[in-house]
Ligand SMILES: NC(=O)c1ccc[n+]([C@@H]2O[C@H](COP(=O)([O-])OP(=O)(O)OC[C@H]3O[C@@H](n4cnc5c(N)ncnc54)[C@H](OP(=O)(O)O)[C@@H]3O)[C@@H](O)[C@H]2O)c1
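One chain follows as structure tokens, the form predicted alone.
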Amino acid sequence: MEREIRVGLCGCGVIGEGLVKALHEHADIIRARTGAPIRLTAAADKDPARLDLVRSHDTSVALLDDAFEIPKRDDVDIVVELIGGVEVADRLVREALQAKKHVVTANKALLAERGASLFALAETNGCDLYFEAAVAGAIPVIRVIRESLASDRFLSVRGIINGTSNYILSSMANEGAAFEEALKAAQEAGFAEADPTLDITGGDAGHKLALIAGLAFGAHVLPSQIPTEGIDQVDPRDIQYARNFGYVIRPLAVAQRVDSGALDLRVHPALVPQSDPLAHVDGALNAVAIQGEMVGPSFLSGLGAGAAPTATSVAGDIVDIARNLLAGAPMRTWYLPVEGEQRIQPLADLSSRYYLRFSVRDESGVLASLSGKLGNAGISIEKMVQDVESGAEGTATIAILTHRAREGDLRASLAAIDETHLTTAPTHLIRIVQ
């Protein structure tokens, strides 16, 4: 008799409904590609309306109001966690693993905060714990890092891994919208939550970068250890100046090993040259650029959020685990072993080029004085423009691109400049992609 792989779903929201639809409507395709049928046997959610949606796609599914009943069921081989959050999800995943159920999750916050102990528990119990959908939606970045490029040494991984932030900056650039207008448009289009804090402050990308750092560099990093800046301080003037200089502003996450052996991990908006492929990743799209020692550059791009793309990645993990079960293969750990000290480079030690926007008094000698103070600190200017600020009598804007400088030295110089009579507002800094 042909073996059947049975799935229990915890959380029937937008992604959960997408998964139910995929498993039901693509059942024949999945069966052919897996070698056995995969069937959703149980689903749990506290919202009866969501359970009704599950029933509308598949009437054979057992519907429950308690997700913690799913790991206890004998007719479940794989538990899918889509409830979100950390505390409840952590308890649920632990109970599933302790019950020797394999787990698929899209929960980047959970794995970024509790991943080390959860993967250890999975290994102890001989279970798989897969999470392709937790980073960049339908883009198979996890699989590429873990499997396709497993023989190579990673030099860097950088990319746009939050579609909401990219959508907002794209709207500001393409339509001339102010930040608040672009954010409202993102919410109306369904790309931003009612509370967009994690997206616009860089927190969501920080969770994902912590997972990428673990896979690519074997680093067990908490999101709180990653220097993170959001896009909420980007002004339409910055976007226009960047365009005039030959750049676009994108929300970037960066992971790379530097000469000292430390890891350079950071999340922030950045000026990207118009010649860089990341500059052409527009709207809610995500993209990841990987640099390997042997293979050189690789570039992945696609939809990073939404019901269908994310559910497709979840279903892909289910298929992968199903193949393991059918082959009698042992579980596979996702994290590389830690080799030596995994030190994160302080942001002050970053060597980079910078975009600076000064608001200054429109009077004789200010430009020369400003240039002199930067020069005295060893900050070399590459390009500079000056404009009189509209609607602000007696003030001007100076936009500067610097040559490479140490960030700690630059920030010390800017702090000293902002304490003088030269500036009328704090100086704005954005890093430039190398």
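All residue numbers are counted from 1 along the displayed sequence. None of these values were measured; they are calculated from a predicted model.
If you look for the form predicted together with the named molecule, you will not find it shown, but the lines that follow are about it.
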query	finding
The named molecule: the contacting residue among 168, 288, 133, 210 in the model of the complex [heavy atom, 4.5 Å]	133
Heavy atom within 4.5 Å of the named molecule in the model of the complex - residue from 283, 140, 306, 316	306
In the model of the complex, segment of 58 to 66, 395 to 403, 365 to 373, 30 to 38 with a heavy atom within 4.5 Å of the named molecule	58 to 66
Joint contact, 13, 16 and 45 to the named molecule in the model of the complex, by non-hydrogen atom at 4.5 Å	yes
Contact label in the model of the complex: residue 50 to the named molecule, heavy atom within 4.5 Å	yes
Heavy atom of residue 78 within 4.5 Å of the named molecule in the model of the complex	no
Contact label in the model of the complex: residue 88 to the named molecule, heavy atom within 4.5 Å	yes
Contact of residue 218 with the named molecule in the model of the complex (heavy atom, 4.5 Å)	no
Those residues of 75 to 98 which, in the model of the complex, come within 4.5 Å of the named molecule by heavy atom	82, 83, 84, 88
